[in-house]
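Okay, so here's just one chain, in C-alpha coordinates, the form predicted on its own.
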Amino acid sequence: MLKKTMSLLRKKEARIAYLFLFPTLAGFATFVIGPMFASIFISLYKWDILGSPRFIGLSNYLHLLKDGRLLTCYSNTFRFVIFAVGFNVVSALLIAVAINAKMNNVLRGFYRSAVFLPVMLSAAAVSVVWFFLLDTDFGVVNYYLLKLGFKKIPWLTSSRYSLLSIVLVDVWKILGFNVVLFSAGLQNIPRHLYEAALIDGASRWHSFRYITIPMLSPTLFFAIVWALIGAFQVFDYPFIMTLGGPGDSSRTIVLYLYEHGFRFFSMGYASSIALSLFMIILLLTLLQLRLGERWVFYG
(Lines give C-alpha, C1' and ligand atoms only; values in the text may rest on other atoms or scores of the structure.)
Protein backbone atom coordinates (compact mmCIF):
# COMPACT_ATOMS: atom_id res chain seq x y z
CA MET A 1 0.00 0.00 0.00
CA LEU A 2 2.83 2.35 0.98
CA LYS A 3 4.76 1.52 -2.23
CA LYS A 4 1.70 2.19 -4.33
CA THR A 5 1.17 5.56 -2.64
CA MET A 6 4.84 6.52 -3.17
CA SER A 7 4.63 5.50 -6.81
CA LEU A 8 1.56 7.66 -7.36
CA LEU A 9 3.28 10.63 -5.68
CA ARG A 10 6.37 10.24 -7.90
CA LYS A 11 4.23 10.05 -11.04
CA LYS A 12 2.38 13.17 -9.93
CA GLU A 13 5.67 15.02 -9.29
CA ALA A 14 6.99 13.89 -12.68
CA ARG A 15 3.87 15.19 -14.44
CA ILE A 16 4.23 18.55 -12.69
CA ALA A 17 7.91 18.71 -13.64
CA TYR A 18 7.11 17.96 -17.30
CA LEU A 19 4.39 20.61 -17.17
CA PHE A 20 6.92 23.25 -16.06
CA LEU A 21 9.44 22.10 -18.65
CA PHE A 22 6.93 22.06 -21.50
CA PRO A 23 7.19 25.78 -22.51
CA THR A 24 11.00 25.56 -22.70
CA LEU A 25 10.97 22.26 -24.58
CA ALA A 26 8.27 23.52 -26.97
CA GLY A 27 10.29 26.68 -27.68
CA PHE A 28 13.49 24.68 -28.19
CA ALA A 29 11.76 22.28 -30.57
CA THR A 30 10.06 25.10 -32.50
CA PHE A 31 12.95 27.54 -32.82
CA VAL A 32 16.04 25.26 -32.74
CA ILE A 33 15.32 21.62 -33.61
CA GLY A 34 12.66 22.39 -36.23
CA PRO A 35 14.71 24.97 -38.21
CA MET A 36 17.75 22.69 -38.03
CA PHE A 37 15.93 19.79 -39.69
CA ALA A 38 14.32 22.23 -42.15
CA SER A 39 17.81 23.51 -43.04
CA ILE A 40 19.02 19.96 -43.72
CA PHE A 41 15.96 19.38 -45.93
CA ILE A 42 16.35 22.68 -47.84
CA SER A 43 20.07 22.08 -48.45
CA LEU A 44 19.10 19.20 -50.78
CA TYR A 45 17.06 21.52 -53.01
CA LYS A 46 17.55 24.46 -55.32
CA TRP A 47 15.07 27.06 -54.11
CA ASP A 48 14.75 30.82 -54.61
CA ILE A 49 11.77 31.23 -52.18
CA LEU A 50 9.46 32.51 -54.95
CA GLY A 51 9.33 29.34 -57.05
CA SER A 52 8.92 25.66 -56.26
CA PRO A 53 11.98 23.91 -54.77
CA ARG A 54 13.78 21.46 -57.07
CA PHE A 55 15.54 18.41 -55.63
CA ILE A 56 19.25 18.38 -56.57
CA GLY A 57 20.64 15.91 -54.02
CA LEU A 58 24.14 16.71 -52.76
CA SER A 59 24.93 19.31 -55.45
CA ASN A 60 25.00 22.17 -52.94
CA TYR A 61 27.55 20.29 -50.82
CA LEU A 62 29.70 19.51 -53.88
CA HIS A 63 29.58 23.20 -54.78
CA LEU A 64 30.90 24.01 -51.28
CA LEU A 65 34.10 22.11 -52.07
CA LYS A 66 34.69 24.17 -55.25
CA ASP A 67 33.75 27.59 -53.88
CA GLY A 68 36.93 29.69 -53.57
CA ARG A 69 35.14 32.58 -51.86
CA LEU A 70 33.89 30.19 -49.19
CA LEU A 71 37.49 29.35 -48.28
CA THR A 72 38.31 33.07 -48.10
CA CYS A 73 35.33 33.67 -45.82
CA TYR A 74 36.30 30.74 -43.58
CA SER A 75 39.89 32.03 -43.49
CA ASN A 76 38.62 35.48 -42.40
CA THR A 77 36.34 33.90 -39.81
CA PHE A 78 39.08 31.73 -38.31
CA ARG A 79 41.46 34.70 -38.10
CA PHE A 80 38.71 36.75 -36.46
CA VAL A 81 37.98 33.95 -33.97
CA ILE A 82 41.64 33.50 -33.01
CA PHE A 83 42.37 37.20 -32.49
CA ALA A 84 39.00 38.20 -31.00
CA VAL A 85 38.80 35.30 -28.53
CA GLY A 86 42.52 35.59 -27.64
CA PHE A 87 42.44 39.36 -27.02
CA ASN A 88 39.11 39.13 -25.26
CA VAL A 89 39.98 36.38 -22.78
CA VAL A 90 43.54 37.57 -21.99
CA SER A 91 42.56 41.25 -21.65
CA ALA A 92 39.50 40.44 -19.54
CA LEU A 93 41.56 38.21 -17.22
CA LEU A 94 44.23 40.88 -16.68
CA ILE A 95 41.61 43.60 -16.07
CA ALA A 96 39.67 41.35 -13.67
CA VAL A 97 42.85 40.60 -11.69
CA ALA A 98 43.63 44.34 -11.53
CA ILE A 99 40.09 45.21 -10.41
CA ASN A 100 40.15 42.43 -7.83
CA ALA A 101 43.26 43.92 -6.17
CA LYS A 102 42.95 45.93 -2.96
CA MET A 103 41.08 49.17 -3.64
CA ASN A 104 38.09 51.18 -2.55
CA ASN A 105 34.82 49.29 -3.14
CA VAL A 106 33.22 52.34 -4.78
CA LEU A 107 36.13 52.61 -7.21
CA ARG A 108 35.97 48.88 -7.91
CA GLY A 109 32.25 49.15 -8.63
CA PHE A 110 32.88 52.10 -10.96
CA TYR A 111 35.50 50.17 -12.95
CA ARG A 112 33.21 47.14 -13.28
CA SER A 113 30.27 49.28 -14.40
CA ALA A 114 32.40 51.22 -16.89
CA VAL A 115 33.85 48.13 -18.49
CA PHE A 116 30.47 46.33 -18.56
CA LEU A 117 28.54 49.24 -20.13
CA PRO A 118 29.29 48.32 -23.81
CA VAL A 119 27.87 44.81 -23.22
CA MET A 120 24.44 46.37 -22.70
CA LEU A 121 24.49 48.10 -26.09
CA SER A 122 23.20 46.44 -29.25
CA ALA A 123 25.80 45.26 -31.73
CA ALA A 124 24.09 47.29 -34.47
CA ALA A 125 24.33 50.54 -32.47
CA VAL A 126 27.97 49.83 -31.60
CA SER A 127 28.76 49.17 -35.27
CA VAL A 128 27.20 52.46 -36.40
CA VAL A 129 29.06 54.48 -33.74
CA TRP A 130 32.42 52.86 -34.50
CA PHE A 131 31.80 53.26 -38.25
CA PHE A 132 31.93 57.05 -37.74
CA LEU A 133 34.70 56.94 -35.12
CA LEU A 134 36.97 54.98 -37.48
CA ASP A 135 36.24 57.08 -40.57
CA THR A 136 39.53 57.83 -42.33
CA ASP A 137 38.98 61.57 -42.90
CA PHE A 138 36.46 62.63 -40.24
CA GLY A 139 36.82 59.97 -37.52
CA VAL A 140 37.79 60.87 -33.96
CA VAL A 141 40.37 58.07 -33.78
CA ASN A 142 42.39 59.41 -36.72
CA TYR A 143 42.01 62.97 -35.39
CA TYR A 144 43.85 62.02 -32.19
CA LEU A 145 46.40 59.93 -34.09
CA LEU A 146 47.28 63.03 -36.11
CA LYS A 147 47.53 65.06 -32.90
CA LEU A 148 50.02 62.51 -31.57
CA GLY A 149 52.10 62.72 -34.73
CA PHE A 150 50.94 59.52 -36.42
CA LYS A 151 49.54 59.13 -39.93
CA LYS A 152 45.89 58.50 -40.74
CA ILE A 153 44.94 54.85 -40.82
CA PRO A 154 42.30 53.68 -43.32
CA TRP A 155 40.63 51.46 -40.72
CA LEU A 156 37.62 50.40 -42.77
CA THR A 157 38.72 51.09 -46.34
CA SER A 158 41.94 49.08 -46.44
CA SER A 159 42.08 45.31 -46.74
CA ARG A 160 45.03 45.45 -44.33
CA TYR A 161 43.06 46.96 -41.45
CA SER A 162 39.38 46.10 -42.06
CA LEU A 163 39.37 42.76 -40.22
CA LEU A 164 41.55 44.18 -37.43
CA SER A 165 39.03 47.01 -36.95
CA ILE A 166 36.21 44.49 -36.55
CA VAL A 167 38.25 42.52 -34.02
CA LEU A 168 38.92 45.66 -31.95
CA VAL A 169 35.23 46.65 -31.95
CA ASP A 170 34.18 43.13 -30.95
CA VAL A 171 36.71 43.05 -28.08
CA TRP A 172 35.53 46.49 -26.87
CA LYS A 173 31.89 45.31 -26.96
CA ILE A 174 32.32 41.89 -25.30
CA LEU A 175 35.21 42.52 -22.91
CA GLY A 176 33.04 43.59 -19.96
CA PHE A 177 31.12 40.32 -19.85
CA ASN A 178 34.27 38.28 -19.33
CA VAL A 179 35.65 40.80 -16.83
CA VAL A 180 32.56 40.36 -14.64
CA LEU A 181 32.72 36.59 -15.17
CA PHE A 182 36.39 36.40 -14.11
CA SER A 183 35.82 38.79 -11.19
CA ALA A 184 33.17 36.46 -9.81
CA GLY A 185 35.51 33.51 -10.27
CA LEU A 186 38.41 35.29 -8.55
CA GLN A 187 36.28 36.08 -5.51
CA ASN A 188 35.51 32.38 -5.07
CA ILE A 189 39.20 31.46 -4.71
CA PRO A 190 39.94 30.86 -0.99
CA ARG A 191 42.21 33.62 0.38
CA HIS A 192 44.11 31.19 2.59
CA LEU A 193 45.74 29.68 -0.52
CA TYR A 194 47.40 33.02 -1.31
CA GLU A 195 48.36 33.52 2.35
CA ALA A 196 50.00 30.08 2.48
CA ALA A 197 51.86 30.79 -0.78
CA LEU A 198 53.06 34.14 0.61
CA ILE A 199 54.38 32.45 3.73
CA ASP A 200 56.22 29.94 1.54
CA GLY A 201 57.88 32.81 -0.32
CA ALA A 202 55.95 32.53 -3.60
CA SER A 203 56.09 35.57 -5.88
CA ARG A 204 52.97 37.20 -7.37
CA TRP A 205 53.64 35.49 -10.68
CA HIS A 206 53.88 32.06 -9.01
CA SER A 207 50.65 32.71 -7.10
CA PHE A 208 48.96 33.69 -10.35
CA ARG A 209 50.40 30.72 -12.26
CA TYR A 210 49.86 27.97 -9.67
CA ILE A 211 46.81 29.22 -7.74
CA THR A 212 44.77 31.71 -9.77
CA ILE A 213 44.87 29.94 -13.14
CA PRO A 214 44.06 26.40 -11.85
CA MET A 215 41.30 27.63 -9.53
CA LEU A 216 39.87 29.82 -12.28
CA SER A 217 40.13 27.14 -14.97
CA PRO A 218 36.38 26.21 -15.00
CA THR A 219 35.49 29.88 -15.55
CA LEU A 220 38.22 30.21 -18.18
CA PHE A 221 36.92 27.13 -19.95
CA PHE A 222 33.35 28.46 -20.05
CA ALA A 223 34.53 31.88 -21.26
CA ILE A 224 36.60 30.38 -24.09
CA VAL A 225 33.81 28.05 -25.29
CA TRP A 226 31.21 30.83 -25.10
CA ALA A 227 33.46 33.37 -26.85
CA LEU A 228 34.47 30.91 -29.58
CA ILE A 229 30.87 29.98 -30.45
CA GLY A 230 29.87 33.64 -30.54
CA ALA A 231 32.90 34.69 -32.61
CA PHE A 232 32.15 32.11 -35.32
CA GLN A 233 28.73 33.73 -35.76
CA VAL A 234 29.96 37.32 -36.11
CA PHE A 235 27.73 39.21 -38.54
CA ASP A 236 26.69 42.68 -37.37
CA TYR A 237 30.07 44.40 -37.44
CA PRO A 238 31.18 43.39 -40.96
CA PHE A 239 27.65 43.85 -42.33
CA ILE A 240 27.30 47.42 -41.04
CA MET A 241 30.89 48.67 -40.96
CA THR A 242 32.50 47.22 -44.11
CA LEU A 243 29.90 45.12 -45.99
CA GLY A 244 32.59 42.47 -46.05
CA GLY A 245 35.06 44.66 -47.96
CA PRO A 246 37.26 45.98 -49.30
CA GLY A 247 36.99 43.03 -51.64
CA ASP A 248 36.41 40.02 -49.40
CA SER A 249 38.93 41.10 -46.75
CA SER A 250 36.40 41.25 -43.90
CA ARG A 251 33.67 38.98 -45.26
CA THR A 252 32.86 36.38 -42.60
CA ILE A 253 31.10 33.09 -43.18
CA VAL A 254 27.77 34.21 -41.65
CA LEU A 255 27.76 37.33 -43.84
CA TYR A 256 28.45 35.12 -46.87
CA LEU A 257 25.60 32.84 -45.79
CA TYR A 258 23.26 35.84 -45.44
CA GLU A 259 24.17 37.12 -48.91
CA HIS A 260 23.39 33.78 -50.55
CA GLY A 261 20.15 33.38 -48.62
CA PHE A 262 18.65 36.86 -48.72
CA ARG A 263 20.46 38.71 -51.51
CA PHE A 264 20.88 35.98 -54.13
CA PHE A 265 17.89 33.93 -52.85
CA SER A 266 19.85 30.70 -53.06
CA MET A 267 18.30 29.14 -49.98
CA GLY A 268 19.60 25.62 -50.62
CA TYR A 269 23.22 26.72 -50.88
CA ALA A 270 22.84 29.05 -47.88
CA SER A 271 21.49 26.11 -45.86
CA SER A 272 24.47 23.94 -46.84
CA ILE A 273 26.84 26.74 -45.68
CA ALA A 274 24.94 26.95 -42.40
CA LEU A 275 25.29 23.21 -41.85
CA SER A 276 29.01 23.32 -42.61
CA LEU A 277 29.41 26.05 -39.98
CA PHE A 278 27.32 24.04 -37.51
CA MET A 279 29.55 21.00 -37.98
CA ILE A 280 32.74 23.04 -37.49
CA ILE A 281 31.43 24.65 -34.28
CA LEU A 282 30.21 21.27 -33.02
CA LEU A 283 33.57 19.56 -33.68
CA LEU A 284 35.56 22.38 -32.09
CA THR A 285 33.28 22.38 -29.03
CA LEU A 286 33.66 18.60 -28.63
CA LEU A 287 37.44 18.99 -29.03
CA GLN A 288 37.48 21.65 -26.32
CA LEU A 289 35.43 19.43 -24.00
CA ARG A 290 37.94 16.63 -24.55
CA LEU A 291 40.96 18.86 -24.05
CA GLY A 292 39.28 20.52 -21.06
CA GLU A 293 39.58 17.24 -19.15
CA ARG A 294 43.36 17.78 -19.12
CA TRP A 295 43.58 21.34 -17.83
CA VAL A 296 40.27 22.26 -16.16
CA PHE A 297 40.41 21.79 -12.40
CA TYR A 298 37.04 21.41 -10.65
CA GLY A 299 38.45 21.18 -7.14
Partner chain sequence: MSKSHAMTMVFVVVAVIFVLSSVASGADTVRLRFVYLGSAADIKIWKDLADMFHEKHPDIVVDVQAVPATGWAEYFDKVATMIAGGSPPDLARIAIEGVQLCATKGLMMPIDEYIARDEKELKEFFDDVHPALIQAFQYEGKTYMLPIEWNNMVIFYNTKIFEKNGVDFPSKDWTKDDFLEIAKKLTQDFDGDGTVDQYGFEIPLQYFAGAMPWIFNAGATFLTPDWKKPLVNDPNCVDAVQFMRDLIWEYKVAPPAPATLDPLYAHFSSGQIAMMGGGRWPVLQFVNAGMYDFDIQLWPKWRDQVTEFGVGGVAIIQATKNPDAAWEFVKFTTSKESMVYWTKLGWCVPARRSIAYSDAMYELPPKHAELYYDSLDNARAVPSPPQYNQVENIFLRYLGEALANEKSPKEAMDLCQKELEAIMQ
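Positions refer to the first chain, counted from 1. Please read all numbers here as calculations on a predicted model, not as lab measurements.
We do not show the form predicted in complex with the partner chain, though everything after this point is about it.
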* Structure fact -> Of 83, 226, 131, 208, the only residue with a heavy atom within 4.5 Å of the partner chain in the predicted bound form is 131
* To do: Could you confirm whether residue 138 comes within 4.5 Å of the partner chain in the predicted bound form, counting heavy atoms only?
  => yes
* Are any of the heavy atoms in residue 66 no more than 4.5 Å from a heavy atom of the partner chain in the predicted bound form? -> no
* At the 4.5 Å heavy atom threshold, is residue 241 in contact with the partner chain in the predicted bound form? -> yes
* Asked: If you check in the predicted bound form, is residue 146 within 4.5 Å of the partner chain, heavy atoms only?
  -> yes
* Residues in which of 199-207, 152-160, 75-83, 169-177 have heavy atoms within 4.5 Å of the partner chain in the predicted bound form? -> 152-160
* Counting only non-hydrogen atoms and a 4.5 Å cut-off, give the residues of 237-271 close to the partner chain in the predicted bound form. => 239, 240, 241, 242, 243, 246, 247, 248, 251, 258, 259, 261, 262, 263, 264, 265
